[in-house]
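Before any questions on how it binds or moves, here is one chain, the form predicted on its own, in structure tokens.
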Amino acid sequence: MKILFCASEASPYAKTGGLADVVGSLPVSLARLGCDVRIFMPLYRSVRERTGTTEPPGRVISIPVGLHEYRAALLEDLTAEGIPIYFLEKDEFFDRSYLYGTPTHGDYEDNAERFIAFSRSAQQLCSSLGWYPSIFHLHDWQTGLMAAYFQLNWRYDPKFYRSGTVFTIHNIAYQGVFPAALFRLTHLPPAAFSMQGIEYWGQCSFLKSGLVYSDYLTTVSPRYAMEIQTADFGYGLEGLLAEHRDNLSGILNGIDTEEWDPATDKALPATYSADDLDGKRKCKQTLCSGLGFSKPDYPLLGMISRLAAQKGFDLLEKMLPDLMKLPINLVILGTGEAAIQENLEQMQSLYPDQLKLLLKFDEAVAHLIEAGSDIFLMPSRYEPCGLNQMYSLRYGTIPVVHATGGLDDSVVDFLDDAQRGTGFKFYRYEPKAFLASIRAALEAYEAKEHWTAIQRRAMSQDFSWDRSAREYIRVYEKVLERKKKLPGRGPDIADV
């Protein structure tokens, strides 16, 4: 099976969030399961900075966007794991310090043009390689137009006749909505700008294009697949998604179990396993000493997060005075919105002995917080999947989470099932419920034998990408089985 991952970012080349982790990791597991999988993404400045090399001249292509005919190059490389990766080199669009916009000025004004160009170039990539995928696996709004181009244009090419498209929603809140006047830049048929196409309240929605024109839809957890069909989480697209429910699956993301393994983690002062947790205590000692907590024996609560409204910092702010009355320490690592940062800094000044704020992102520190903390907090208002709760479980750091999206799917509430529990959940998005769940976790922490049992159960959970990859293969096979029933011959994918 030939699979082309088309995405706007992939770890470690360019990353703003979980999308990059999926595109960087899932293809490796698919390849291990026998798929011929490749990746296509823009050549950002960060790619050159990452590789530190000057790529040889690539295949030059022409991309029509509106009245312009842009010339760009297709370059290729191999990832560290040996996965072929292709880049669209167009410095006018992608040689920038940020992927989608700047912190001070917001989204780039030409984002529509940038990702129209990227979407249109996928067909030319395949033609130039003489390699035609069974599945175009598209990710988020930046590739939504590829589904329209495939359905309305490319599929009439005999070499794509039995190919299919799978579109993954990583976060439906980001939809790629642009003024209607920019539709002319797409070169799509006029009928595509309609309620049945990419038109969305008089504008163009690239995300809606992916939903309407793809053969199958997935999102990053089973719970989130249900949530986005409701008004609370669907961001105006819940009706459309409900219509497509028979072609929508939620597949929980995985984690890199080699990078995130407390038994081998080189970022830690001591390693450990479920059978021998002594190293975890040493990690806590190192972390508390480095942060300067005056009472390092207190239970240590950790948070690693973008400082964004989605992540539940409003709950934390409201319940913090009550939380600080408890014998606990709290460390928060992250960057993001200025207003949230200012609130956290004020909190830290009020509780300097118990609250330590690290306004940065540091991968090594993140590993140490996951290992050294006793309890991990994720009070997200919504969370399509989430990764840190899985890292925490693998590191025996028990998560306290809001029961939403992937958080609900990946954590078993100890209060609901003491024999299978791996963490603690709160079900109403309010400060009292959040605090009550933390109190329950602290009470369990004091019963050391029970706590150790929870830790060992947590560390035994399977969140590997191989598990997720098998589910994606089932989706791909379902799409291709339908394609076999198309009228007319057309070449079989195996023939091209």
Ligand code: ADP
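Residue positions are given as counts along the sequence shown, with the first one as 1. Here the structure is a predicted model, which means the values were calculated and not measured.
Separately, the form predicted in complex with ligand ADP exists; it is not shown, and the next lines address it.
Handout entry: Heavy atom contact within 4.5 Å of ligand ADP in the predicted complex, the stretch among 128 to 136, 70 to 78, 360 to 368, 149 to 157
Key = Within 4.5 Å of the partner lies stretch 360 to 368.
Practice task
With ligand ADP left out of view, choose which of 311, 120, 223, 162 has a non-hydrogen atom within 4.5 angstroms of it in the predicted complex.
Solution key: Of the listed residues, the single hit is 311.
Problem - Proximity to ligand ADP in the predicted complex, single hit among 282, 244, 306, 90 (heavy atom within 4.5 Å) - result: Of 282, 244, 306, 90, the residue with a heavy atom within 4.5 Å of ligand ADP in the predicted complex is 306.
Practice task
Give a yes or no on whether every one of 15, 21 and 333 sits within 4.5 angstroms of ligand ADP in the predicted complex by heavy atom.
Solution key: Verified in the predicted complex; spot residues all in contact, yes.
Practice task
Considering only heavy atoms, tell me if residue 251 and ligand ADP come within 4.5 Å of each other in the predicted complex.
Solution key: Answer no; every heavy atom of residue 251 is more than 4.5 Å from ligand ADP in the predicted complex.
Practice task
Using a 4.5 Å heavy atom cut-off, state whether residue 144 contacts ligand ADP in the predicted complex.
Solution key: Taking the distances in the predicted complex, the answer for residue 144 is no, it never comes within 4.5 Å of ligand ADP.
Practice task
May I ask you to state whether residue 387 is within 4.5 Å of ligand ADP in the predicted complex, using heavy atom distances?
Solution key: So residue 387 counts as contacting ligand ADP.
Practice task
Indicate whether ligand ADP has at least one heavy atom within 4.5 Å of a heavy atom of residue 315 in the predicted complex.
Solution key: The answer is no: residue 315 has no heavy atom within 4.5 Å of ligand ADP.
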